[in-house]
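A single chain, nothing else alongside it, follows as structure tokens in the form predicted on its own.
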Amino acid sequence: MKLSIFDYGAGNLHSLIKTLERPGVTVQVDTDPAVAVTADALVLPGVGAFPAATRALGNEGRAVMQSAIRAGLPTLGICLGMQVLFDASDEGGDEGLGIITGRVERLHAARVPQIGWNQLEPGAGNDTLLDASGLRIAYFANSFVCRPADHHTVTAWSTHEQDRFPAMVRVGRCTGVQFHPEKSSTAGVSFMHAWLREVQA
């Protein structure tokens, strides 16, 4: 399986690549959206800011990636990558991919950013990835969170101070997580491997 990490040029992808590399999986890093979507699966990584990420996509790249994901390209958006799946962000920048209807907003909390471990609360139904990995507490590093129009897309929630926000969303073969599974210890790695098995199946 060929797996593409789309690089917005915003951070070190080393830990993510090491988590995804395993027998039968080839990981490549692409800066061209048109090349990234030719892989068997796509990862939108979680370091950086919404304006820089949407600028890296550009109008043509956004259209190409949006079309591929809507057509069924298995996609995992991590932290910022999850936010890019939404329509727009209060952080600024161009439009997001619009795969999930909703907006990205600043956390409603005194302590921002949220940095550290936080509990995952069940959302709509049982999520097979969470069940397979046993992931119940995950590592977060975020100032912004997603506000989907349809809460049925949310398969896990988390709460920072008094702000309850989606920790995980699923639409078709597209998954978004606000946490960093690659930094969430053994269960986080198991989550990533469960996602790879799901893609391969």
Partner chain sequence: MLTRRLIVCLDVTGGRVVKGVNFVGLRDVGDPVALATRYEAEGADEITFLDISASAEDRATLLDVARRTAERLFIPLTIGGGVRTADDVARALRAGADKVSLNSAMVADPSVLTACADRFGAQCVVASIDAKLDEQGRWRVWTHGGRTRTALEAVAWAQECVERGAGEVLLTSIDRDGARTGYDLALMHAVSSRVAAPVIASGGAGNAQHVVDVLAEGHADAALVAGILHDTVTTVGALKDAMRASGLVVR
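Positions refer to the first chain, counted from 1. Model, not experiment: these values are computed from the prediction.
This protein has a second form, the form predicted in complex with its partner chain, left out of what is shown; the following refers to that one.
Asks: Within 4.5 Å of its partner chain in the model of the complex, counting heavy atoms only, one of 169 to 177, 153 to 161, 26 to 34, 63 to 71 shows up; tell me which.
Replies: Heavy-atom contact with the partner occurs in 153 to 161.
Asks: Taking any heavy atom pair closer than or equal to 4.5 Å as contact, tell me whether I137 reaches its partner chain in the model of the complex.
Replies: The answer is yes: I137 has a heavy atom within 4.5 Å of its partner chain.
Asks: Taking its partner chain as it sits in the model of the complex, is P122 near enough to touch it, meaning that at least one heavy atom pair lies within 4.5 angstroms?
Replies: Taking the distances in the model of the complex, the answer for P122 is no, it never comes within 4.5 Å of its partner chain.
Asks: Using a 4.5 angstroms cut-off on non-hydrogen atoms, would P113 count as touching its partner chain in the model of the complex?
Replies: Looking in the model of the complex, residue contacts with its partner chain include P113, since a heavy atom lies within 4.5 Å.
Asks: Indicate whether its partner chain has at least one heavy atom within 4.5 Å of a heavy atom of A41 in the model of the complex.
Replies: Result no; A41 lies far from its partner chain in the model of the complex.
Asks: Any residue of 171 to 191 with a heavy atom within 4.5 Å of its partner chain in the model of the complex counts; write them all down in order.
Replies: Contacts from 171 to 191: E182, K183, S184, S185, T186, V189.
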